[in-house]
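Shown here is one chain on its own, the form predicted alone, set out as structure tokens.
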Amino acid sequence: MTSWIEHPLCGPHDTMPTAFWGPERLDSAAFVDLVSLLSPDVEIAAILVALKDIKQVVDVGGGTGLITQAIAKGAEVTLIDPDPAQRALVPGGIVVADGRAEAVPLPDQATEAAIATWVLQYCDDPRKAIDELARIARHRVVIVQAAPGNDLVELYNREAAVAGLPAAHHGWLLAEAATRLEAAGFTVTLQRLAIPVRAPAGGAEELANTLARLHFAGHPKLADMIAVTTPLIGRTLAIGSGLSDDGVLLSARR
């Protein structure tokens, strides 16, 4: 690409920021709640294709190990995450270590492949996190972030407006990742992933609560955010439309 920022999957282009808006603040319990509403099969299948023939993987920011478990069926996997509450939920048989994406506690070229799925928005410095993935991986890097039109990002931006904070733009993260990985000698491709979100038993208000905690853990205006997004979610659910958490899989090879 002449400029990854122009790629359709790095849109929308009319709202492209010039700097990172985050980091977002994660509530690990909210993450667990959201995962229960997702159908990860498409995402997992695409990641496994991107990691074909790879036998050693580091999952950076792997959380509770949802994706790690699928990879571990065919490869040796180490999961690195800074949150002890999430690490405690990782099933046995997977090596788990404390660490942040911006400072992965591994030497250069320590693994065949490194992945980071839905992680960069929670980093203090996503550019440093991308460079760390390139540093530790000999052959593959896989990153997943939100696609243009992702409903949960749109809801995040409504919450951010309540907090007086900038809007999120995952296309900026993807363009930064693609550019930096190419500079490190990788060949990069992007593909869209369809990821539906099921409505929880508690309906719109429950989902609004989960998302606000997922994005703005502990924020003093959390209740205001929930009040703003609940009717938006409710209208979508009322017309029978599900919400989407569509992603973009970035696959980098060298």
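Please read these numbers as outputs of a predicted model, since none were measured by experiment. The first residue of the shown sequence is 1; numbering continues from there.
Note that the form predicted together with a small molecule isn't included here; everything after this is about it.
Asp81 is the sole member of Asp151, Asp81, Glu159, Glu132 with a non-hydrogen atom lying within 4.5 angstroms of the small molecule in the predicted complex.
When the small molecule is considered in the predicted complex, only one residue from Glu182, Glu112, Glu102, Glu176 comes within 4.5 Å through any heavy atom, namely Glu102. Though the partner is left out of this view, Leu66 does reach within 4.5 Å of the small molecule in the predicted complex, counting heavy atoms only. In the predicted complex, the small molecule lies within 4.5 Å of some heavy atom of Cys123.
At the 4.5 Å threshold, heavy atoms of Trp118 reach the small molecule in the predicted complex.
Looking at Phe186, you'd find every heavy atom of it more than 4.5 angstroms from the small molecule in the predicted complex. Contact with the small molecule in the predicted complex, defined as any heavy atom within 4.5 Å, is confined among 192 to 200, 223 to 231, 66 to 74, 205 to 213 to 66 to 74.
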